[in-house]
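One chain comes next, on its own, written as structure tokens: the form predicted alone.
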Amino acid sequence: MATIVIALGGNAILQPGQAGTAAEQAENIRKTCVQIAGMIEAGHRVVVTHGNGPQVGNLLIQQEEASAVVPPMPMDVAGAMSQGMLGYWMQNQLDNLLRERGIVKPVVTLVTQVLVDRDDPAFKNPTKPVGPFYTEAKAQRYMAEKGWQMKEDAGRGWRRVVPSPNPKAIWEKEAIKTLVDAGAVVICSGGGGVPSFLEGEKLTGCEAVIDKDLAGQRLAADVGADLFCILTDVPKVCLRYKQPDQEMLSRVTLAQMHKYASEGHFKAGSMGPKVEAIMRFVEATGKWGVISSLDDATQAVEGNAGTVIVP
């Protein structure tokens, strides 16, 4: 019986071209949870983490649109809201699927805080766009009134940019380990968790976005996982992606993957953070990791699909 941390990509929750209604997202999550239920039925202990980009973006738009009626909530609160919303859908669907299979097992969502360093270089160079697009006039006003940093986005308008710091530790890791040891399926660290500073004895959320895959690696290491699995929308990691000589990787050593990464095969906005997260996990633990498509998930956790990275 292995303890597996599963990191779900955005396609597990919202498909391209969908409006993002509650019904659409719940159905996508149900299909995803079929795969996770299969892993649990096979005897694995499972911890699930997930992205939240479109969802937290929509929440920030809702905050903006309703700001004349009710006070808008800051980013850390919106992140916690998205963890609750997506965790509820996963918890509900997974619980139903397990009971259909005759499996009685608690499924728990835990709103998770992730420690970051106030001196992280990301706080001096915010790069992550969040929330709605604004006119230049409104962007200038918000920069003056709220101290936000804003950037023009390829002719589509102005957007707020926030830091994307490195995750240092999962604050609730002992609670997660206790729940897993007690037999629970735990959904946690959604969207990379709520970025938080620890200063003295005080823990405080901050307005930033942690990369969900790097936070997933931190989660997997902190809870002592035997395997870290990232599920995305492609079957394997590729060299020379979408080029005529594209090459799919099946089983790769950590040293080989470092070499490929240094050669620039994995882009920062797509496969780069996933590869970096798996390499960090393998390097820190001496265990193995896998990147696979959602459809191949049950085979991937057995090492029979996806790109397997070994020490």
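Everything numeric here is computed off the predicted structure, so don't read it as measured data. From 1 onward, residues are counted along the sequence shown.
Unshown form predicted together with a small molecule; subsequent notes refer to it.
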(request) Let me know the one among Met39, Leu59, Met271, Ile29 whose heavy atoms come within 4.5 Å of the small molecule in the predicted complex, would you? (result) Met271
(message) Counting any heavy atom within 4.5 Å as contact, can you tell me which stretch out of 129 to 137, 150 to 158, 232 to 240, 103 to 111 lines the small molecule in the predicted complex?
(response) 232 to 240
(message) Just checking whether His44 would be counted as a contact of the small molecule in the predicted complex - the rule being heavy atoms within 4.5 angstroms.
(response) no
(message) Can you tell me if Tyr260 lies within 4.5 angstroms of the small molecule in the predicted complex, counting non-hydrogen atoms only?
(response) no
(message) Considering non-hydrogen atoms and a 4.5 Å limit, does the small molecule approach Gln15 in the predicted complex?
(response) no
(message) I'd like to check something about His265: if you look in the predicted complex, is any of its heavy atoms closer than or equal to 4.5 Å to a heavy atom of the small molecule?
(response) yes
